[in-house]
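Below, in structure tokens: the form predicted on its own, a single chain.
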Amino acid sequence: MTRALPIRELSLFVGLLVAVLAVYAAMGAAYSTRMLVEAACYAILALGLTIQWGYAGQFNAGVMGFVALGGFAAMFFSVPINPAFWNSEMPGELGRALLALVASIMLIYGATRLDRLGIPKRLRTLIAIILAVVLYLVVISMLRDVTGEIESRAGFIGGLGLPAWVGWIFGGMLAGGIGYFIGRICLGLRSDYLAIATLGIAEIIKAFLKNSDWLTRGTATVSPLPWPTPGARDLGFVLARALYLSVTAVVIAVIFFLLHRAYHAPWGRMIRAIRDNEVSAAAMGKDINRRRLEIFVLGCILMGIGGAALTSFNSIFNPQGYLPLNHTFLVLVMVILGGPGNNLGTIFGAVLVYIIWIMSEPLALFLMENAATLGQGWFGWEDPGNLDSRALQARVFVIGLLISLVLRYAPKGLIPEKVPRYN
């Protein structure tokens, strides 16, 4: 049996190509290539969310936190070494404080297991709480002393001076590791409760990075960050960005291939079975909690990689620059528009939404300026002023209108998930 030609998908991608070419014609190659690179980074983030939400029905509203972790890893591994820190006794002092932190966590964890030795649960809980408070005060005092010394003498600890792509890998690992501990705690929650929990955790991550001047320089930012490819000084803006775009395109292709194989494998069928009917899947002997944790961690890994790629491209690490609107809500819109659970639709949605997000400001400014000129010439109106800031707000209006139309007329996305049927 021959497979029908996917007319819908071809038509949508042809329209997307026309939109990209129109942006190139209107804005120039350098601006448009930068837009495509950022859209490709967002596509990686959207793929991470679509396997959580689309594959497993996990509504993660804390994408921003994992993007920030990926960006931190990209900064930490690629920024040159700070001799003022490493050529002093401060690394040893910081190491002792961190070892005390690890030991404290292990002691507290051990205290929560004292009931296995016959200690009553209430007494066990009391011991664990007292131990946690005491050790917290001790460790935080040690960290405050050493971090204050780092900030006053060295500014911050600096980086490791490794290639940027190493930071991408460790960005995924860091986001996945944090996602594992978050998932162990939060995946027992459902629906809106999980969204609220992940949203709060993302804000905690951002606050930690923003206030840890000894580690990230906080609001002072760290720049410039090196690229994994030759930069604009070597190749020029257009060629350098095109090469960066090629790298991100290869990353997307590898992720797409692996996810496509996983989706059509027994593992993917099991994940969809858990999403559609968790009770029936559990009755068939499936380990629900383990599989849900797997998919959550996998999505976080992709978000960390995407955040690292985006931060490296922007060449600046600014913890204050991670915003829920830009790094959570926008990714949600991409997945909703493209089609949750459909990898191809997610990539389409990421590129289309980012083009709309970027181009809505200059287009709105163009329309406002022409309207103001006509109003002055025909009716004698005064120039309203602040057109730049007003045009910037058009982004939110256009995206809100877009998502409203999609939810009304295409609730499953423009390229909805096609669940294979097995006889």
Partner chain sequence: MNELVFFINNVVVSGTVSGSIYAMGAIGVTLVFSIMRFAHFAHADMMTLGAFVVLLLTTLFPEVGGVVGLPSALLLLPIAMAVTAVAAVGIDRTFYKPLRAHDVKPIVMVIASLGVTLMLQGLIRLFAGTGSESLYIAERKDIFRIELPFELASRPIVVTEPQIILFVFAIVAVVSLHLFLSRSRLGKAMRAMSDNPDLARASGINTNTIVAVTWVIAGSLAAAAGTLLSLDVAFKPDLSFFLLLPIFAAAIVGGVGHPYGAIAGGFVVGFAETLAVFNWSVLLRPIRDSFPEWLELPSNLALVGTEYKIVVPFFILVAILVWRPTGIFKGKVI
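Positions refer to the first chain, counted from 1. Because the structure is predicted, anything quoted here is derived from the model rather than measured. Note that the rigid core is defined as the largest set of C-alphas that superpose within 1.5 Å between two forms.
Omitted here: the form predicted together with its partner chain. The next part is about that form.
Contact with its partner chain in the predicted bound form, defined as any heavy atom within 4.5 Å, is confined among 209 to 217, 346 to 354, 86 to 94, 161 to 169 to 209 to 217.
If you check its partner chain in the predicted bound form, you find no heavy atom from any of 44, 256 and 417 within 4.5 Å. A heavy atom within 4.5 Å of its partner chain in the predicted bound form is found for exactly one of 182, 225, 271, 174: 182. Note on the partner interface in the predicted bound form: the residue among 157, 336, 79, 245 having a heavy atom within 4.5 angstroms of its partner chain is 336.
Although the partner is absent from this view, residue 261 stays clear of its partner chain in the predicted bound form, with no non-hydrogen atom inside 4.5 angstroms. Interface residue remark: residue 295 is not counted as part of the site for its partner chain in the predicted bound form, having no heavy atom within 4.5 Å.
Shown alone here, residue 401 lies within 4.5 Å of its partner chain in the predicted bound form, counting heavy atoms only. A residue is said to contact a partner when one of its heavy atoms sits within 4.5 Å of a partner heavy atom; residue 106 fails this definition for its partner chain in the predicted bound form, lying far away. Taking its partner chain as positioned in the predicted bound form, the only residue of 249 to 275 that brings a heavy atom within 4.5 Å of it is 275.
Positional change of residue 221 between this form and the one not shown stays under 2 Å at the C-alpha, relative to the superposed core. After superposition on the rigid core, the Cα of residue 356 moves by less than 2 Å between this form and the one not shown. In the core-superposed comparison between this form and the one not shown, the C-alpha atom of residue 16 has shifted by less than 2 angstroms. Relative to this conformation, a decrease of 3 Å or more in the Cα-Cα distance between residue 199 and residue 401 is found in the predicted bound form. Expansion of the residue 21-residue 397 CA spacing by 3 Å or more is recorded in the predicted bound form, set against this form.
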